[in-house]
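In structure tokens, the next block holds one chain alone, the form predicted on its own.
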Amino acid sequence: MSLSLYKQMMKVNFKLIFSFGVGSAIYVALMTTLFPMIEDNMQQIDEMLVIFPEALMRALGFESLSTYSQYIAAEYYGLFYLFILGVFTIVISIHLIARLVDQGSMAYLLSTRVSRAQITVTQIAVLISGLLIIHILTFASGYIFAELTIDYENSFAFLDFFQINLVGFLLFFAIGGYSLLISTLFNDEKNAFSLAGGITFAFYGIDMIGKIVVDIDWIRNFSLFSLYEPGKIASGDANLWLSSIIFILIGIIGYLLSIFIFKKRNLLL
């Protein structure tokens, strides 16, 4: 890893990381401040939710809104969070390798004493740092505003909220693994983005179809997103260890293959 390159890449990508992090944090803060009102009208909301089709409730993750962690899981982590972090992970993964090759900046980096392996490890560190920053900002925002606005005892479940963010981070650690791997395979930024985005969208689509169409629920086994169910994490029904181990393994394999392939492949610079 090159510390000087890491600092430069963090500086170059800081605006992207910060904008996604602040956007996520603001949304969670707004949703958190609304929870006391939701809690006061829980009976009416539960009666209203009964009219929604069960398949739609499954797809949106509206299993229950009785606690803060279940509420925020349904309002943010089950849908918008997946989209926002998915876009960020794919975009920054492609920017860190494929864009540099496409724009010719990689030729400059390779003309220095920094090796290809060091470049790839450094870019992996930038990607993981970006994901950490966004999740720290998001978690801190939820925690702080919950402490300020939620007065009811045990309404804010610190551990549940932490686990939702931790497993979410590991999900995008895995998505970042295969996205960066794809980034090292292409000289063209658009092709790399299309493939990484297409695979991620396919995973998400398969998971949603499996939730909506109960008869083919088994197809969710082919999607990474099936292993991240924030509603079940909030209610204590999720298998956190299995999901976490799978995400970590996929991410590590993707990053190791990225280092190996980028080190060996011929680049048109």
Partner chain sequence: MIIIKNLTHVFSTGKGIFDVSFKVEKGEVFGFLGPNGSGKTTTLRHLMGYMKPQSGQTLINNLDVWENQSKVRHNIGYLPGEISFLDGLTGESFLNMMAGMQGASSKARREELIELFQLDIKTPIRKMSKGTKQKVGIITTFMHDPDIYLLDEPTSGLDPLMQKVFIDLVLEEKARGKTFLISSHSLPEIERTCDRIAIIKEGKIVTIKDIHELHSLQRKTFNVTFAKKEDVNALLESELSVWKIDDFIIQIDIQGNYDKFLTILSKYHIKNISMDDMSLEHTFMDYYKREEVSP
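Positions refer to the first chain, counted from 1. Every value quoted in this text rests on a predicted model; they were computed, and no experiment measured them.
From this point on, the text means the form predicted together with the partner chain, which you will not see here.
Partner proximity in the predicted complex: Leu109 to the partner chain, non-hydrogen atom cutoff 4.5 Å: Answer yes; at least one heavy atom of Leu109 falls within 4.5 Å of the partner chain in the predicted complex.
Residue contact check: Ile182 to the partner chain in the predicted complex, 4.5 Å heavy atom: Close contact is absent here: in the predicted complex, Ile182 is far from the partner chain, nothing within 4.5 Å, heavy atoms only.
4.5 Å heavy atom contact, Val12 to the partner chain in the predicted complex: Within the cut-off, so yes.
Exercise: Ala196 in contact with the partner chain in the predicted complex, heavy atom 4.5 Å: No, no contact at 4.5 Å.
All of Gln8, Leu100 and Gly104 with a heavy atom within 4.5 Å of the partner chain in the predicted complex: Each of the three qualifies.
Heavy atom contact within 4.5 Å of the partner chain in the predicted complex, the stretch among 139 to 147, 67 to 75, 92 to 100, 167 to 175: So the stretch in question is 92 to 100.
Residues of 114 to 134 having any heavy atom within 4.5 Å of the partner chain in the predicted complex, listed in sequence order: The stretch 114 to 134, when checked against the partner chain in the predicted complex, contributes Val114, Ser115, Arg116, Ile119 at the 4.5 Å heavy-atom cut-off.
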